[in-house]
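Consider the single chain below, provided in structure tokens and representing the form predicted on its own.
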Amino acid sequence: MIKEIENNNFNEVRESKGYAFVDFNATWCGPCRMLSPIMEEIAKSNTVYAVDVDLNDELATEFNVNAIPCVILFKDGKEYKRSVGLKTKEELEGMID
């Protein structure tokens, strides 16, 4: 299950242990909508959060998200790797060592 996360509760990601995917997206973004079912699949076996950049521009700015979809993989609460654009499930899960 994907958890929606916002400016005021992003500490949940910062305090997490292990890997967590954060999908920065927008409702009007076609590639973001295409990525959504892929992220749902990934969420079956990984921690996945979603951030709507239109509603949470502070987070988009903090993490220099200039293009969407942008998936940032966090490891122990710190940015580890990032992917911009529509990717396959295998490509995204391949970000985990």
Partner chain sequence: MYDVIIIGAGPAGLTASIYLRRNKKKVLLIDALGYGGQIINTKRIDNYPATPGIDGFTFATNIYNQAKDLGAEFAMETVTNIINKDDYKEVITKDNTYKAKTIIIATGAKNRHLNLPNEKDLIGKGLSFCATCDGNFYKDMDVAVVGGGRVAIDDAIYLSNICNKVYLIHRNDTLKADKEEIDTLRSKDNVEIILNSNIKELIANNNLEAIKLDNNKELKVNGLFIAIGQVPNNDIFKDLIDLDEYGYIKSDENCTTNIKGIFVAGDTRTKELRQLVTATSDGAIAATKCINYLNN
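Numbering follows the first chain given and starts at 1. Computed from a predicted structure; not experimentally measured.
One more form of this protein, predicted in complex with its partner chain, exists but is not displayed; see below.
Just to confirm, N66 within 4.5 Å of its partner chain in the model of the complex by heavy atoms?
Judged by the heavy-atom cut-off of 4.5 Å, N66 is in contact with its partner chain in the model of the complex.
Within a 4.5 Å heavy atom cut-off, is A50 in contact with its partner chain in the model of the complex?
Result no; A50 lies far from its partner chain in the model of the complex.
Even though the partner isn't displayed, in the model of the complex is V84 close enough to its partner chain, meaning a heavy atom within 4.5 Å?
Answer yes; at least one heavy atom of V84 falls within 4.5 Å of its partner chain in the model of the complex.
Contact of E6 with its partner chain in the model of the complex (heavy atom, 4.5 Å)
Although its partner chain is absent here, E6 would stay clear of it in the model of the complex, with no heavy atoms inside 4.5 Å.
Where, within 1-34, is there a heavy atom within 4.5 Å of its partner chain in the model of the complex? Residue list please.
Counting only heavy atoms within 4.5 Å of its partner chain in the model of the complex, the contacting residues of 1-34 are W28, C29, G30, P31, R33, M34.
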